[in-house]
Ligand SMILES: Cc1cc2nc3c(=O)[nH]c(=O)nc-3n(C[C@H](O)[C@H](O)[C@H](O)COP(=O)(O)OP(=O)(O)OC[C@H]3O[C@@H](n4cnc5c(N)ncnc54)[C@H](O)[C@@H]3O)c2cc1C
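Shown next as C-alpha cells: one chain only, the form predicted on its own.
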Amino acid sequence: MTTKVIVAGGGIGGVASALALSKRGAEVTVLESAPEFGEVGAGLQIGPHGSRILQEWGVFDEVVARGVLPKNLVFRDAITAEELTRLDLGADFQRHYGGVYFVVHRSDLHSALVTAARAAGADLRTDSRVVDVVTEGDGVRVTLADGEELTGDVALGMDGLKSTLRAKLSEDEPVGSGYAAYRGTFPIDQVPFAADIEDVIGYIGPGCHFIQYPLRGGAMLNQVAVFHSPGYERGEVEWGGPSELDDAFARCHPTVRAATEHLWRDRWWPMYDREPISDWVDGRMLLLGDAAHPPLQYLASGAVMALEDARSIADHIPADAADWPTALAAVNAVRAPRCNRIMSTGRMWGELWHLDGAGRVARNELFRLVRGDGAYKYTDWLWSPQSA
C-alpha cells in the first residue's frame, strides 16, 4: 500500500521533500499558504553538500545552468579591501568533496524543484494554510485555515521560521540577531564595477559584511549588505532603515561604499534564527527545514539543510506505514545534531566576521594563514560526503 505524506509548507524544503518522497513511491501532498508557488529574495550559495543531492535527484544540470560556478570563495577586509584568504573552487575542490560550489537565484532553484516534484507525481496545492496537525491512531489529521481536513500516514511541518506547527513542540520564539540585510540583484551592465566579478567575495568588517557574486550565467550581479542596527539596540519597532545602512558602512573601503549604492533600498530583512531544539517529533508529525532549524546565513547552508532533510526523510520511508514513528525518530536522531551544530557555528562565524579592534587584527591574521587545501580541515565537517 502506498504511504501518504502531507507536507505543510511549499518552500524549497517542502517541494524538495515532495520530490524525494515521490521518487521513492510515496503519495505526497504539499500545502502552501501563499496564492502561488514562488520564493522571495535573491541569490543562494549552494555548497557541494547540496549539489551532490541535486545530482542524485536528476535536477542538478537544470539548476546549475541557471546559476554560476564561481572560481573562488574570497574573503577581504571591509575597511582596507585587502584579500585575507581565498579557496579555489576548481577541480581539486570538486574532487575532494565530490560536488561543486555554485550560486543560483533562489526562485530558479525553487521553480526547478516544483517542476520536478510535479513530474514525479506530487500534488502541490496553494492557498492552503495549515493551522493544525493531530495524530490519530496510525495516521494524521491536518486542518487548514478554511476548515478543510486531510488525512495521511504522516505529516512534515515545513512552515518556516515563524512556524505555526513548532508551537506543538516548543514555546520558543524567533530570536532577533540585531542585524539587518539589504539585497540587490541587477543586470551586470547596470553596475559599473561588476563585469570582472567571477568569485563569491565577502568583505568582513566591524559590525557589518558585504557579499557579491554573479548570477544567471553572469548576466546579473547579486549583492548582500548586512549590519548591526543601533535602532534594534534602542528597542525601536522599525529598525535597520537606509540611514542605518549608510552609517554602518561609512568606515568601509570606497569599493564597498560604492557597491552599497546598488541595493534595493525600499525593503530589508531583519535577521532571525531560533534556539536549537533537539526534539522535532510530535506523534506522526516531524518538523523539518526552517521550522526545525532556521539558521543565520553565515555558513550559506539554510537551503542545503532543507535539501538534506528531504533526502533523509526519503531514505527512511518504512516498508509498512505502521512503522512511521520509528522512521521519524531515526530522521530526528540523524538530522538534529548536524543542523543544530550548523546553527550554533553560524552564530559564532558571524561574531568572527564582525570583530573590531584587536579582535579584527587577530582574525585577519588567522585568515591569512588559511590557504589552499589547508582550508579543508575547517570545512570537511560541513561539506564532505561523510558529514551529512
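Please read all numbers here as calculations on a predicted model, not as lab measurements. Quick note: we count residues from 1 along the sequence shown, nothing fancier.
Below, we refer to the form predicted together with the ligand, which is not included among the displayed structures.
Checking A303, A78, L113, A248 for any heavy atom within 4.5 Å of the ligand in the predicted bound form turns up a single hit: A303. When contacts are judged by a 4.5 Å heavy atom cut-off, L31 counts as touching the ligand in the predicted bound form.
In the predicted bound form, no heavy atom of V256 sits within 4.5 Å of the ligand.
In the predicted bound form, none of the heavy atoms of L156 sits within 4.5 Å of a heavy atom of the ligand. The closest non-hydrogen atom of G240 lies beyond 4.5 Å of the ligand in the predicted bound form. Stretch 292-300 is the answer when you ask which of 190-198, 292-300, 68-76, 273-281 has residues with heavy atoms within 4.5 Å of the ligand in the predicted bound form. Residues of 125-146 placing a heavy atom within 4.5 Å of the ligand in the predicted bound form, in sequence order: S128, R129, V130.
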